[in-house]
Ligand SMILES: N[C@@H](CCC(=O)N[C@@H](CS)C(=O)NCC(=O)O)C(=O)O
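Okay, here we've got a single chain as structure tokens, the form predicted on its own, with questions on binding and movement later.
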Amino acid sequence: MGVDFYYLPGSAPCRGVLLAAKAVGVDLNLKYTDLMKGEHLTPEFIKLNPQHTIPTINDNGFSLWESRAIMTYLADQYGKNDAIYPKDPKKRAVVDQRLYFDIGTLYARFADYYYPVLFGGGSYDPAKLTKCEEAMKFLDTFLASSEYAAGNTLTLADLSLVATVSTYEVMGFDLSPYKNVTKWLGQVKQKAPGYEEANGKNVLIFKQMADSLTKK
């Protein structure tokens, strides 16, 4: 049966789920969902997810959305061990904190800065860029005392964050001031299972879309 996965390859949240699935070793039935064609607004999809957002999974009748919730579910449900999502309450809490930091700060500020330009024809706001730089500095500080985002082993925190940071990277955001981030980014690209297939090639799809949207 497998897990049905409604997604767009360029989307950072969708790429996080693809990375988690690779790390856990679960096969996803990929269901390309074209938002421009309204494929997320069909009665069938809204029955699965009333918020009609992607990514969404359907695991034999169990539907779930929000990428980081999906990632933690896949690890709990299908993980052979708890390496990428520790069961120890304190270790897990740090992973969760980094996941919430990603959705609420790092990715949120990326979206706030770039999306009005990409999808609304606006112009870049320097104050919003400053907020992105501050968020990246926070991540750089987290990485000052550990090899990975939530300790010295690869976890779901890294897989979610790398989907976001690689998107900053392809958009031309200057990562050079953040030495810990750049070192970590290179390491996760090397160590995350199936990185190139799940994120490397797909972040370039986002870049192509961004380029096409901003061409005058």
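Numbering starts at 1 and runs along the sequence shown. The shown structure was predicted, so the numbers you read here are calculated from the model rather than taken from an experiment.
What comes next is about the form predicted in complex with the ligand, which does not appear here.
- In the predicted bound form, the ligand lies within 4.5 Å of some heavy atom of residue 11.
- A residue is said to contact a partner when one of its heavy atoms sits within 4.5 Å of a partner heavy atom; residue 182 fails this definition for the ligand in the predicted bound form, lying far away.
- In the predicted bound form, the ligand lies within 4.5 Å of some heavy atom of residue 35.
- With a 4.5 Å cutoff on heavy atoms, residue 161 does not count as touching the ligand in the predicted bound form; it lies far away.
- In short, of 186-194, 161-169, 49-57, 144-152 it is 49-57 that has heavy atoms within 4.5 Å of the ligand in the predicted bound form.
- Between the options 111, 83, 103, 117, the residue in contact with the ligand in the predicted bound form by a heavy atom within 4.5 angstroms is 103.
- Residues from 64-80 that approach the ligand in the predicted bound form with a non-hydrogen atom closer than or equal to 4.5 Å are 66, 67, 68, in the order they occur in the chain.
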